[in-house]
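Only one chain comes next, encoded as C-alpha cells, the form predicted on its own.
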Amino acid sequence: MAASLQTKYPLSPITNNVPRTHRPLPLHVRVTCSASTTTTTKPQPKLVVEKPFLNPPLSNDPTLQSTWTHRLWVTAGCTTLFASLAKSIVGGIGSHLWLEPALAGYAGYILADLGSGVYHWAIDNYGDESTPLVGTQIEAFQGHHKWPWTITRREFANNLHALARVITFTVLPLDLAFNDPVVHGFVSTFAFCIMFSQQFHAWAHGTKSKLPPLMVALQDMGVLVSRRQHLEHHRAPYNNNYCIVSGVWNKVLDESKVFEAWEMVLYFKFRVRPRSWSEPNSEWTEETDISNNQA
C-alpha cells in the first residue's frame, strides 16, 4: 500500500566550529520537500537557493555624472561662501581686526571636522532610505561601504550638490543678517569645510599617483584627512574614523569611545541597535574594483 507523506527537512548550520571571520555570508534559502513512501524509495529534498545579486555602478553610470541642476547648486553654495568670506575680510580691514576673524576661522575648521564625524556616524548606523530628508544620503553611504572606490568616479558637482544645497539655505540668511567679520570668519570656514568634505572624502579614496600633488601634501601634513587614516573606517567593525575633513578628531573620539557611549544611550532609551553592532553582512562587505584590477 502506498501512502503520501510531506516532510520538512530543516537545514542545521555547519559552522559552529568555524571562526566567525571565516564563515560564509548567509544565504536566503527556500527548501521545498516532496516525497512519497514506498517499499523501495526514499524522499529526496529539492533545494532552491535564492541569492540577490547587485552590480556596482559603471564608470559611465548617470548616477555618477553631474547635471546642470547639480552645477547650479554648487555655484549657489560657492557664491554664499565667498560672500561670507568677503564680509569677513572687508569687515576685518575696516575695523582693523585680524586676529579675531582668523581665530574664528580656525575654530570653524576644527569644528567642521567634528561635525562631519557626528553626521557620518549617525547616517552610517541609523535610518534607511525611507528616512525623511536624509534617506537618500543614508542609502548612498551604505552603497559607499560596498563600493567605496566609486566615489573617485563621481563628477565634482555630483559629489557636492547635496551639501551645497544645505549650505546655500543656511549661509545665505547669515550673509543678509550679519556684518560682523568674526561671525563670518567662522561661518565661511565652517561652511566651506562642510560643503567640500565630500571632495576631501573622495581624495581620501584616491591613489597617490592620481591625486594633485598639493592635495597629497595637505593629506601628509594632516590638513586634510589622509588616505591611511580613512582606510581604517572601511575595515571591520566599521565603527571608527568617522571624521572626513581633517581627521583631527578621530583619535580623540575613538579612544574616548564617545560614539559607543551614545549608541548605548540610544539603545537603552529607544531600543534601537546601530548597524555597527551587527556582524558585517553583504551590505557592508567591500567589493573589489574589477575594472581597475583588469587594467
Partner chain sequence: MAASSTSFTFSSHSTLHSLPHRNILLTKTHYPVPTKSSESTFFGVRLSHSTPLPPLFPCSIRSSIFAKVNKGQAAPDFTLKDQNGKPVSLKKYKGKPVVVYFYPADETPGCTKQACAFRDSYEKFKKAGAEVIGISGDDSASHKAFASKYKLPYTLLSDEGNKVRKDWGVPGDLFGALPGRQTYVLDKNGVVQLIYNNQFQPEKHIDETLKFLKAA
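Positions refer to the first chain, counted from 1. Because the structure is a prediction, the values reported are computed rather than measured.
Although it is not shown, the form predicted together with its partner chain is what the next lines describe.
For N60, no non-hydrogen atom is located within 4.5 Å of its partner chain in the predicted bound form, even though that partner is not displayed. Its partner chain is not drawn, but in the predicted bound form it has no heavy atom within 4.5 Å of L64. Residue contact with its partner chain in the predicted bound form: M264 places a heavy atom within 4.5 Å of it. Its partner chain is not shown here, and in the predicted bound form it never comes within 4.5 Å of any heavy atom of L176.
Comment: 221 to 229 is the region of 221 to 229, 149 to 157, 192 to 200, 208 to 216 lying near its partner chain in the predicted bound form, near meaning a non-hydrogen atom within 4.5 Å.
Out of the listed residues W73, Y119, Y126, Y109, Y109 is the one that sits within 4.5 Å of its partner chain in the predicted bound form by at least one heavy atom. For the stretch 237 to 259, the set of residues having any non-hydrogen atom within 4.5 angstroms of its partner chain in the predicted bound form comprises V248, K251, V252, E255, S256, K257, V258, in sequence order.
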